[in-house]
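Coming up are structure 1 and structure 2: the same protein chain in two forms, each one given alone as C-alpha cells.
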Structure 1
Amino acid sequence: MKNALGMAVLGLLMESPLHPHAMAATLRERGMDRAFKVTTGSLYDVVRALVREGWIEARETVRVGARPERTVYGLTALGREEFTAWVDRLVREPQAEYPKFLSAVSYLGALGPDGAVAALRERAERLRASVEEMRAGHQEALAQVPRLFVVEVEYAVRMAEAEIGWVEEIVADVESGRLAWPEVAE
C-alpha cells in the first residue's frame, strides 16, 4: 500500500461503512480533495488493494432502483490498527518527494536572469492568490468544525508563504547581482 488515498478510505470507514462512490463524494464534500488526489479510477483500485490486504471487507451489495449495484465496504479490526499506524508513520518519517518546482529550479539558469525574474514574480503572484483562497476557506471552515479537522490547511498556507518568501528573496538576489549568472547554455 503506497497510495495515500488508501489512508483517506480507512479514515472514512472509521466512521461508518460506505460504497466507493459515496467515499469520493464525501471526500470532495469535506474538501479533503485538497490533501488527496481523488480520481475515480484510482479509488476502485485502492479499495481492491485494501481488500487484498485484509484491512477492509465487503459488507453487502445493495441495489437501489435499477442503478448499478453498490458494494458497501467496512473496516476490519486489522484495518483499524493499520490506519493509525499509517498516519503515525507518515507523520514521523519525512518522505523524499520530488515537487516539480524543485526540479525546475535546478534549471533556473536556462531562463536567463530576466526570464527567471519574470517567471518567479508570476509564481509569487499566483501563490499569493492561492494563500488568499486557502485562508478564506479556512476561516469559513473554522466556523463549523474544530480547528483540529482543518489544521492541514494551516500547514499548506505556511508552506506556501515560505515559498513566496524564498522566491522573493531570489528575485532580489538576481536583481542585485548577489546571485551571479555565469554564461550558460541558452
Structure 2
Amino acid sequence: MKNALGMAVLGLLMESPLHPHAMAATLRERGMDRAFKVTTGSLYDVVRALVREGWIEARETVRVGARPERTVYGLTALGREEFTAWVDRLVREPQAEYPKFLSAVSYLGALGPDGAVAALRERAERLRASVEEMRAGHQEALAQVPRLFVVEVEYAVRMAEAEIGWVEEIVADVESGRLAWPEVAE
C-alpha cells in the first residue's frame, strides 16, 4: 500500500476502531484533510484495499437511529506492524516530492516582473490566511487530542511560514532589481 490516505486510516485505527464516516470526520476535525486527500469514494476504496491486505478487519456493524448500518474497522497485528514500518521509513528517508508551486516558480519569468510580484504577493496573503486557519484548527484539535496526534499541523505551519519568507524575499529582490529579468525579444 502506497496510498497516503491508507496511512491516515491506519493511524486513526491505532487510536481506536472506527467506521469510515467517523474516519473522514476525524480527519477533517483535525485538519488532516490538508495532508491527505479525503473523499468518500477514495476512503472506502482504501478501506477495502486495507482489508484485502489483511491490515484492518471488520470488528462490528452498528446502527445509530435511522441511519444506515456502518461497519467498524480495527487494526490487525499485521496492519500495526506494516503501519509502523511505513511511518518509520518515511520519517527516516527523505523522498523526492514534486510540488506544483516549485514547477510554476521554474517559469516565474514568464509573468514578467510586475506579474510575478502581483502573483507572489497574492500567494503570500493566501498563505498567511491558511496559516491562521491552521493555527486555529490546531488549537481546537489540542483541546480534544494530545499534541502528538496533530503535530503535523505544526510542521505545515512552519513550512508555510518559510514559504512566505521566501516569497517576500523574491518580491523584494524583483522590486529592487536584484532579481533582474532578461530583455525579451519580440
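Not measured: the values here are computed from a predicted model. Heads up, when I say rigid core I mean the largest set of C-alphas that superpose within 1.5 Å between the two forms. Here, residue number means position along structure 1's sequence, counting from 1.
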For this session: Return 1 or 2 according to which structure is the form predicted together with a further copy of the same chain.
Result: 1
For this session: Using a rigid core alignment, state whether the CA of Ser16 is displaced by 2 Å or more between structure 1 and structure 2.
Result: yes
Exercise. Just checking, between structure 1 and structure 2 and with the core aligned, does Leu78 shift 2 Å or more at the CA?
Worked result: yes
Problem set entry | Core-superposed C-alpha of Asp45 shifting 2 Å or more between structure 1 and structure 2 | yes
Exercise. To one decimal place, what C-alpha displacement in Å is found for Trp55 between structure 1 and structure 2 with the rigid core superposed?
Worked result: 3.4
